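Starting off, we have a lone chain in the form predicted on its own, written out as structure tokens.
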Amino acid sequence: MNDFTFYSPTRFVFGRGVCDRVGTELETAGYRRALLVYGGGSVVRCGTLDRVKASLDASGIGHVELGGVRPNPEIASVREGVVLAREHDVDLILAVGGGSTMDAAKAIAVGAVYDGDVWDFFRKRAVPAARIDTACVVTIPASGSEGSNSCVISNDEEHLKCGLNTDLNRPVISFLDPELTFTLPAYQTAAGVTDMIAHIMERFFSGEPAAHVTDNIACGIIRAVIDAAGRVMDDPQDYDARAALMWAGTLAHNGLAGCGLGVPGTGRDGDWTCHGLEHELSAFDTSITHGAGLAVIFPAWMHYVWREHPERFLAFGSQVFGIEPVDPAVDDLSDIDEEITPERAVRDAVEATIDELQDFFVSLGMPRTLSEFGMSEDDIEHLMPGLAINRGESFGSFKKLTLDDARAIYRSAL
């Protein structure tokens, strides 16, 4: 197990109706004026935003609003939020929504106390040194942004989608009410499931040796997610299943599932190549849902790199899906004509694991190929400049990759 530092300062308030306690909790914590950040879709239609505002009003917490934050949040809305936060002297940025809203809130929080342009942080021209505190009311379990140190923002003018990782991004308090997710469309639920599983796999497949305690935590969360996802698809108002997904989404990305698997010298607790490859997809076409892109990219990457560390794939297949390589010494192979060598047994088990994972994603309604997004081979070159800026000419810790490798992975996913 590699050395690590685990830091998760966020206070989580979890359960039925907790969005009605937002004002009370924030008043107790000493906050007096908040900038409300939200998208404007379901949080408005379902009344969640009104419930939160009523709770703030009842506790005497003033608030101003920034609505209309889109999926794959764009830097223009962040800049607008920075102006509002300064003009109204807020002491809290309060996100109500999913990962995009939370990421926008985090970016506003560091930008509001910075003299330059907030985009500097995402282009690595500056490092944030302070923030306004953030809090979250989570309506979509997926990104884990309610407890993570990460934040991803798009810049349409530059055709870039860039991330910022800093402990300043960690919210001070997050409210998780599973009942708010009852009305989520099946596609959004499925994309969220894919995203949280991907967060765990990025860490599991860091390229570092097994850390057995962490591996059991990681694979146990994935098994729980797979179980809950099936139940939610059958009954969208299954509270226990919705609660399992909401808490799993948080645990998948607050760092717990990567303890001891960090890559020495990088400061990262995983490989994160698949997230990098997907970010270029949703920067190229902002209508591509992040989780849906990951459902295509992750299996393609797995097929491309597994031979680098097959033992990690065998462990994953065994713990998540119960897949083991056949053993001629104990298994009945009388109906198989070919000789099963140890190498063949490993290959078959790994390939079966990857196929099982992708089939699960597809069973939820996720795409199998990039062509389902309307993409063609001609589009791949448009992804390369952003990938080079965000990841460099050589990247990856599980297997060192080049931009040509990235092209090959994208082509295999078409």
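Numbering starts at 1 and follows the sequence shown. Please read these numbers as outputs of a predicted model, since none were measured by experiment.
The following text describes the form predicted together with a small molecule, which does not appear among the structures shown.
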Proximity of residue 188 to the small molecule in the model of the complex, heavy atoms at 4.5 Å: yes
4.5 Å heavy atom contact, residue 39 to the small molecule in the model of the complex: yes
4.5 Å heavy atom contact, residue 34 and the small molecule in the model of the complex: no
Interface membership of residue 382, the small molecule in the model of the complex, 4.5 Å heavy atom rule: no
Candidate stretches 214-222, 188-196, 307-315, 83-91, one within 4.5 Å of the small molecule in the model of the complex by heavy atom: 188-196
Candidate spot 59, 134 and 168, all three touching the small molecule in the model of the complex (heavy atom, 4.5 Å): no
Single option in 180, 78, 295, 252 placed near the small molecule in the model of the complex, where near means a heavy atom within 4.5 Å: 180
